[in-house]
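A single chain comes next, written as structure tokens; it is the form predicted on its own.
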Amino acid sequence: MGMTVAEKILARASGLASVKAGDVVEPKVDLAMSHENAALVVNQFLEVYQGTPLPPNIWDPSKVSIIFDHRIPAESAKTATNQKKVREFVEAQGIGKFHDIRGDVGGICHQILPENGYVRPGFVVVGTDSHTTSHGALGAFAFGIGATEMASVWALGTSLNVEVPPTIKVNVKGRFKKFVGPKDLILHLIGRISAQGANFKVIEFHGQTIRSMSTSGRLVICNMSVEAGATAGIVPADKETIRYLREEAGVKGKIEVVLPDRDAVYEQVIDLDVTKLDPQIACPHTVDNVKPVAALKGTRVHQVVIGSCTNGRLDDLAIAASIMKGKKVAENTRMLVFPASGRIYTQALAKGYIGIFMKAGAVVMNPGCGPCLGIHEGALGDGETALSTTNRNFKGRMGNPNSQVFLCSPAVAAASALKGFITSPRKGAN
């Protein structure tokens, strides 16, 4: 019986010839990532060694990455102290894949890992962040875990008791209309199968539309696979994966592609055709409450946000800038832009996108998670509505349970910012 990509990766990492859905394995971890919540992991890790003569050493510092992105710059003395504690731990342990608050090499963890070549096809990647699923875009099996389990990974190098998940195969065909893209595809899929439709399963993406999609777009759909409940989202590695790793991430070593067997067993197969797909919006307060933009036209927007680990890459900013060039953000509407990394910020600056946004009246923020979680930047006021390219719109997201968050693509966000209400970027569509 053939294996899916996830099954093949977990079999290799567990030293087994084969595995199937439902088996319980202990795979070796190729990369373990944390952000500021590493402060909690450090506490748990040190507790593991209490009362033992063993020194508290990470099993392999070269396979650990820590990236500050959620609360940067620090919004409180407590956060700053926790960050200080993590810096001291990083230095003591010799962790090289550490990205502090810097304009040149900083940014959001789910962008930093791919653009630095830390993730490869066939890797088992764990992260103390639910959107670790992003890295399946590079053909890895990547999933989120808690702080206690991460402490065990740091100590042992394995992820304990992983049940091999069944896989849903999604075949995507057709060519996107102008101003329709990966974000609309994944919102449509989540709306179709629901926020629980892929619970504890893997979504494996196939089809000509996926094969012709950039790595940036693949990161979008894998990032949001978790919003359908998926343990992981995976795009099997191909020529585009290798191109990205070689040309953009600077990887020089061997790259091994992991593909599913022809007779791989899937729990479900879903076929999608994007040819007639229109821009999509997820309405409050669930990501699967998805409707075409036309159904929401005219909805007042107080704040528009473009960026995040979902849609803060260069092509996202390029699309928004092309729509906004020479125009102004509507009166009484705020627009925030936060690139996914320092590298992207620099590239966008060189291409003139940052200038376009600022001349339009937008506020360009430092790379980081910022408004997405609303802890210290971009919080909403009572009764306000935000339109955002981020990945979650739960009640209380962006810092206020008395507000509303709609999710959309960069094109829809940019067009709506100019009007002050939800609108389609496609002429004649409203």
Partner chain sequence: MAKVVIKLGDDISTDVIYPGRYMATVLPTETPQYAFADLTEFNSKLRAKQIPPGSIMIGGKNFGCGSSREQAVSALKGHDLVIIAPGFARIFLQNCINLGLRIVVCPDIQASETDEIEITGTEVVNVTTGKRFQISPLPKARQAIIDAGGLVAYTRKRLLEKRTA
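Positions refer to the first chain, counted from 1. From a predicted model like this one, the values you see are computed outputs, not experimental measurements.
Missing here is the form predicted in complex with the partner chain; even so, the following discussion is about that form.
Hey, in the predicted complex, is Arg397 touching the partner chain, heavy atoms inside 4.5 Å?
Yes, contact at 4.5 Å.
With a 4.5 Å heavy atom cut-off, would you call Gly144 a contact of the partner chain in the predicted complex?
Yes, Gly144 sits close enough to the partner chain in the predicted complex that at least one of its heavy atoms falls within 4.5 Å.
With a cut-off of 4.5 Å between heavy atoms, is Asn82 one of the residues that contacts the partner chain in the predicted complex?
Yes, Asn82 is a contact residue.
Can you tell me whether Glu163 touches the partner chain? I mean in the predicted complex, with a 4.5 angstroms heavy atom cut-off.
Glu163 belongs to the contact set for the partner chain.
Which among 170-178, 127-135, 246-254, 211-219 is in contact with the partner chain in the predicted complex, heavy atoms within 4.5 angstroms?
Heavy-atom contact with the partner occurs in 127-135.
Complete contact of Arg192, Thr275 and Ala330 with the partner chain in the predicted complex (any heavy atom, 4.5 Å)
No, the candidate spot makes no contact with the partner chain.
Name the residue from Asp261, Glu149, Asp238, Asp100 that puts a heavy atom within 4.5 Å of the partner chain in the predicted complex.
The option sitting close enough to the partner is Glu149.
Which residue, Leu380, Val364, Leu373, Val29, has a heavy atom that falls within 4.5 Å of the partner chain in the predicted complex?
The residue from Leu380, Val364, Leu373, Val29 that makes the contact is Leu373.
Looking at the partner chain in the predicted complex, which residues in 256-286 have at least one heavy atom within 4.5 Å of it?
The one in contact is Thr286.
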